[in-house]
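Single chain ahead, written as structure tokens, the form predicted alone.
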């Protein structure tokens, strides 16, 4: 089995890269991608764990981007993390997340919530990429909500009065930067309208023209129509089709291996890359 979308505690997952890889191996996955948000800081640990577990690792990241006002996540695979322009953009995204979260905390505290910035930082090891899930965990720890899901459903969703934007790379620019770094850009859950404004067919055409290589079709946030649409557009634009769990440990219900990628599609990803290589068994 091939699962090309997982998160560790280096961003908003709840398990270390070592544990994520071990969990993947126990699930029967033979190839797993670590795709933490806007960071490659977990790659070395995950590679060591993959070698120990005898499975293949696909190095990746999930990039925060924005296209025509929509939040769009781009899964970037096998890129060179030392490529200056892409590295600088990822650093800018990570750095802008901190003042954004601080503003949210200040707004919530002013409204009487028992929450401080120190509470957010107290959530375990400091991740490379701070995000709303860490604030959600702090709210759980302080007894303000019962779960991450409740925190997002009540307080942290994109139309909440507490919501604040952070810097996101223009999507077409992100796609070009990933390509320039030898990587392969795939749109993550592009038709998951419950979590974001779904992309339209014209958006996919524009991004394919910019160099988008694939669409994540099989994802728990896609209904049957979304999966069919992804496959139809992938065929129309000659794009790679992937399936993934979007695993976050205890941070989400998503189960490793619940959606998977066909080996022939992974071969297309590897063939299209020149930035870095998978860790093979």
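Residue numbers count along the first chain shown, from 1. What you are looking at is a predicted structure, and each value in this text was computed from that prediction instead of being measured.
Just so it is clear, the following notes concern the form predicted together with adenosine monophosphate, a form of the same protein that is not shown.
Stretch-level contact analysis of 212 to 220, 225 to 233, 245 to 253, 44 to 52 against adenosine monophosphate in the model of the complex, using heavy atoms and a 4.5 Å limit, identifies 245 to 253. In the model of the complex, adenosine monophosphate sits beyond 4.5 Å of every heavy atom of residue 117. Under a 4.5 angstroms non-hydrogen atom cutoff, adenosine monophosphate in the model of the complex lacks residue 15 among its neighbouring residues. The shortest heavy atom separation between residue 132 and adenosine monophosphate in the model of the complex is within 4.5 Å.
Proximity of residue 167 to adenosine monophosphate in the model of the complex: non-hydrogen atoms within 4.5 Å are absent; the residue sits far from the partner. Taking 176, 92, 107, 100 one by one, only a single residue has any non-hydrogen atom within 4.5 Å of adenosine monophosphate in the model of the complex, and it is 100. Contact annotation for 66 to 92: a single residue, 73, has a non-hydrogen atom within 4.5 angstroms of adenosine monophosphate in the model of the complex.
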